[in-house]
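Structure 1 and structure 2, given next as structure tokens, are two forms of the same protein chain, each shown alone.
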Structure 1
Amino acid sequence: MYQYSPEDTKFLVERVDQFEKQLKRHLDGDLDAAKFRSLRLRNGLYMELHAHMLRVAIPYGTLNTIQLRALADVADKYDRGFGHFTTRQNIQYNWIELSEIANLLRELSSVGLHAIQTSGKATRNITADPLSGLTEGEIADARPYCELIRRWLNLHPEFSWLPGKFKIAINGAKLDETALRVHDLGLRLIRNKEGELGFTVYVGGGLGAAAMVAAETASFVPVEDILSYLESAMRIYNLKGRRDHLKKLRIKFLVRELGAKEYSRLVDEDWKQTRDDPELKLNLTHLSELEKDFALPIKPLALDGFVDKVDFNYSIWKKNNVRAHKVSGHSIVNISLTKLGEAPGDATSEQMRILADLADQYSYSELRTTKRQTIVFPYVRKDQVFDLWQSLEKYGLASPHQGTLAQIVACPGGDYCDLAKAGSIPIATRVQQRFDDMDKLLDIGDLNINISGCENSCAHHHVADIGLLGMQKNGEEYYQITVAGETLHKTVIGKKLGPSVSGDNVVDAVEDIVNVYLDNREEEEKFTEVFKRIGIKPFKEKVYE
């Protein structure tokens, strides 16, 4: 697996040293709150409701077990023994003391982890398909490109003070597990007719109050030209993006106001002047080194005559959580850390260490994090899946609820986050309690419910089968419901069902929507397929009758 070189680690330490000086100046009264805010956010530090929150990047969602143990140590030493895996391949700690932050970051830098640009109006952690390198039909593993682009954006002198935050995702697989087109900028690896590798570029997507699907601004940018293209795309945003209106800072508003065609024209005009600059060509030597570092550690395995164990609970769990691997003899295993009634994505330090031990034993010491806030073991031998399941079961990490509706994606919500307008986790818990019948859960199958506590949309509710957005009405918590959003095959923003529903009634509404789906489902139809066929009306009538 790829690891930072000593010079990269030194850079991380230099960044911590600088931030420590800035923090001291702030505490001494020599750096005002507004400027310090700008600086600390670029180092992942939020001032939250009860304490300080630190967001640490998990670049392209890949972790080795040494890194995971370091994250567990940080949870014990500097937090209250747990961390929160986010929907964008980060981990957050909620109880950090300012006086300890520099030491915390130094400890992380020794294992190649950092909090650089995990917040603020800068380019955020670049996310990748958590199954990069693992699935059949993939064009290329996105991670070497993520790493090169991540490096290139590290303290980029021109693009560190953008109008708004800037999120990039890269996908090389057939299915889109990254939700590319709801990112500020999405890159899809493709091959052109000549078989050359390049990217289709999408710009201006986003969730939040004005959810938009990104426009395609370039159908094919050769891989070696991607940095110059990104530079132009970001320069136009930096120079022309809205800075005068707090709610219009993201690039989606610029693309909407200019029109995607005009924005693309401006980018192309700028790009013409730089695409032949040798300093902006992607370094193909670095790329091939990275491709070696990210190469899969497994070879095809002939498991002649292997017959998997038969066990009722194991079979249910396996159906929802084990996927085919492109390398024969292996499986991809998905693990949810969340027990019913707990915050999705939360992991205790003990769980992290258990997962690290199990990944050492079963998955070549590598793990991935996903936008559904789960952990993936990428390289499990087919004949060891049962053993792994038994271990997971022993530690309470193999609930058969995983991969069903009960595995809800939710942000921390009003219980933890100062921005939230309403609770997320209590609603998730009540939905889980309502759907506690295993037979019904299995009958419903894979149906996504995502709950965001405010318009920042951290739980990506717009692109879920059922999305709930928390809001306040006359001092009470209400939820706006959206249905039939998706990203996997194509990107569709969910439709608003109707007026928002009170916290007391929202679980009934969710159950109504699920029942309309079940009553109308033909054969194996997914929720979005039923919705396309019957339209919004039956759902609306049932919920608001």
Structure 2
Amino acid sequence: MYQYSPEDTKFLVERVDQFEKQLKRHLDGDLDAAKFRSLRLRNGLYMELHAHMLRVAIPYGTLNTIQLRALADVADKYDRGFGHFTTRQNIQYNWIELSEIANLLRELSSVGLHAIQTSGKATRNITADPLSGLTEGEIADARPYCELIRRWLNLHPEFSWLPGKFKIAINGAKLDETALRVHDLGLRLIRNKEGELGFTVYVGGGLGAAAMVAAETASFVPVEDILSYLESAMRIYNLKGRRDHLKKLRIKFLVRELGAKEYSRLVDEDWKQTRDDPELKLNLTHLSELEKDFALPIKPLALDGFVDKVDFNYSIWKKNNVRAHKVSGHSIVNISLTKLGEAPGDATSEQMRILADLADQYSYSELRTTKRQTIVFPYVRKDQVFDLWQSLEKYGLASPHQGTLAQIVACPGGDYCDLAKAGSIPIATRVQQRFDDMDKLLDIGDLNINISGCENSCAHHHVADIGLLGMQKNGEEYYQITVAGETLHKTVIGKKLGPSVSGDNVVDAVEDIVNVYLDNREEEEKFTEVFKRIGIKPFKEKVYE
């Protein structure tokens, strides 16, 4: 696993020192709240409903166990004993005292973690497929490219004050576990007809109040030219982005207003002037070195004669939580953090330390975070999966719900966020209570529900099988329902079902939608397949009859 260099660590310490001085000026009254706002945001600090919230970057979703234990320590020392893993592979703390933030950040910097540019109008943490390097048919591991682009882009002087926030995702696998095309910029690793490695580039995606799928702006950009292309793509946004309109700051609005063809033409025109600049050529020597740092720590195992354990509960858990690994003799294990009555993605400091201990024992001290708010153990021997399950069961971490309707993705909603219009956690709990029969969940199969407390769409409800968006009507909580969104095979924004449904009735509506799916399903059809075949009408009639 790649570790930050001494130069990186030195930079993190210097950044904390700088922010500590800014913070002191603010606390002393020499820097008012308005001027301090942009500084704190660029260091990941928000003002939420009850206290300050800090968002910590987990670069491309990869953690080692030393870092996870440090995150647990932060939860105990500076928060209330827990953290919240987000849909963009970060972790958030919701009860931070402003006066303690510098000490917190200094502790994180000692293990190679930070909160730089996790908020504000800048490039955010670059996300990647959480299974990068692990699955068959992958074009290339995305993480070395994430790291090289991070080095180049973080604090880039031309893009330090963009019109709006800017999110980048990179994927090299067959399936799109990153939701590339709902990002401001998505990069898909591909090979052209000559076998050369490069990227297909998508620009202008995003969710929120106006959900859009990113347009393809370049079908193939050679690996060594990706930095110059990215610079041109972002320069056009920086020059022409709508700074004059608070609701049109994101690049998706620029691409829509110009048209994808015109935006691409402007980028290509700019790119011609910089493409051959040697300073903007991706350093292939550095890439080769990074690929060694990201090399898998395992080798094929024969495991002759191995026969897995026969246990009913283990078999259910394994079916939903364990995936095939490209290295023989190994498995990929997914661990759910969704528990009844708790915010999906929340983990206590105790759970973090337990996961760290188990990762040391079973996963070469490495973990991954995902957009489904789960934790991945990427390197588990097949003959140790049962033992890992027993340990997870002992500590209450062996939820078999991964891949089922009960594995809900949700933002903190109205319980924590001052932007939220409605609660997310209470609705998630009620849905889980309604579908609390494991046999029923297994019969329903792979069906996902995402719940966002406001139009910012932090839970990605637009691209779920069933998406719920919280809103207010006459002081009461209502939920807009979307159906048949997807990103795994292709990107589709869910269709709005109809008028919003009251909080009292929304779980009934979810059950109605599920029942229509089950009544019309043929063989092993997925939810989106049934929807494409029968259309929206039967779902709408059932919910609003």
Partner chain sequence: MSESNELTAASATLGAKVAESRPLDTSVLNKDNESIELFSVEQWIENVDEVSKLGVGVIVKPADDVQLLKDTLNDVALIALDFNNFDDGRGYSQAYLLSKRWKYAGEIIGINAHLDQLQFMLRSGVTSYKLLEGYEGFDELDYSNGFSICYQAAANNSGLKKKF
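Residue indices: 1-based, along structure 1. Just so it is clear, the model here is predicted, and its values are computed rather than measured. The term rigid core refers to the maximal set of C-alpha atoms that superpose within 1.5 Å between the two forms.
Next item on the list: Specify the structure that is the form predicted alone; exactly one of the two qualifies.
Entry: Pick structure 2; the other is not the form predicted alone.
Margin query: Superposing on the rigid core, I want to see if residue 163 changes position between the two structures - specifically a Cα shift of 2 Å or more.
Written below: No; residue 163 is a residue whose C-alpha shifts by less than 2 Å between the two structures when the cores are overlaid.
Checklist line | Threshold 2 Å Cα movement between the two structures for residue 402, core superposed | finding: Shift of 2 Å or more: yes.
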